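Form predicted on its own, single chain, as structure tokens, below.
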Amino acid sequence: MTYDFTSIIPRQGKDSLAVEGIGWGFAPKAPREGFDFIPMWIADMNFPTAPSISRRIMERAAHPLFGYFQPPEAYYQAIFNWQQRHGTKGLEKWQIGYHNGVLGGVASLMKAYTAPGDKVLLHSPAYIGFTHVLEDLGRPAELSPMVKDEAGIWRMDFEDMERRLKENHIHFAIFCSPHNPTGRVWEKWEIEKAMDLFAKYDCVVASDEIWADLILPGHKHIPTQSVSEEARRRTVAYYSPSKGFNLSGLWNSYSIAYDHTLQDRMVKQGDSSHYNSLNVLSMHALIGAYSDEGADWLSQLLQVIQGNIDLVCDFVRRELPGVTVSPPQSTYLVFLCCDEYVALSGRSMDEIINAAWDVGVGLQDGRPFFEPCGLRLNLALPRSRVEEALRRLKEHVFV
């Protein structure tokens, strides 16, 4: 490995929610004495940032002025070049929109095309960020449960989707591709079928593609807008280097919209707050990420994550009876399903989760994602930490 994915980087005192937020809100509680904390809950990484990003930020920070600015051509060209990795060509500057996070962009589009009380379709398990935004904006979430096929692969239930779209007169959908939190990478036919339904019921589609950089070996990201001209017309896609390059603290996401009306109405909503503006350092972070060196770092990162996923899946199947796992096809997040273990042991999910937190395994409760017996583990940390977490789960939790 050219880059460092093995060092355990201390994060205390560095404003890290992953380690300094324990015991707050829905975060894990602090471990009991004798156990250090292993952050496996919030979706950020515990690896040093790609050197191309740090270098680009430091070069710009060396200049003593931070006044008003405008994005240079290098910013747009970096996005154009990076999107070609997904097969997207011919982008123009007007099609790129800036947002202070994907959730903010989705909220802007939603406010432009829905009214309070309108239901919005999305799939469950569901990313809690989306459900919180919907709740805050007064747009009830209409959840279409995904189902596992005979191979344990998460699939959309198209009949259920259509029923909900029709019965609830839904005209706005959030489509997560790759899907968070299951890590599913949709095949082209699946996206086509979903978009056919959205077209049939005249839905504007917010396609969250923030995890598109973290596609694991053997899979390929298909941009939602690429599957048909109709999908291109009615969809706004959202991207960011924040997940693939661990830049969530720098707030930099962007959208792609090919329809002038979609773009204009979304931008108007974002501009109405008067603070949805690009940050000069986050702009340079994106340029550093979307570079040849950034691409090289990312390819090595994916090997590390795949190794951690293989480690966890093998361990669960071998050492944790009653617990099942479906290997994700993207992201660095793994869901453990404990339905059988709960039924056999008589223990509650609260008991299991608290036992894990007690010994410093900071995993996340699956219930807010609408997975009643689920546990979510973030595996973007050094392999030695993953191994230690698994040892504690076996010896102190699933006993």
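Numbers follow the displayed sequence, beginning with 1. Computed from a predicted model, the values in this text were never measured in an experiment.
Below, we turn to the form predicted together with a small molecule, even though it does not appear here.
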Assert contact_stretch over 176 to 184, 216 to 224, 85 to 93, 145 to 153 against the small molecule in the predicted complex, heavy atom within 4.5 Å, equals 176 to 184
Within 4.5 Å of the small molecule in the predicted complex: all of 127, 211 and 253, by heavy atom? yes
(request) Indicate whether residue 43 is a 4.5 Å heavy atom neighbour of the small molecule in the predicted complex. (result) yes
Can any non-hydrogen atom of residue 123 be found within 4.5 angstroms of the small molecule in the predicted complex? no
>> So, residue 107 and the small molecule: in the predicted complex, are they within 4.5 Å at any heavy atom pair?
In response: no
Residue 102, heavy atom within 4.5 angstroms of the small molecule in the predicted complex:
yes
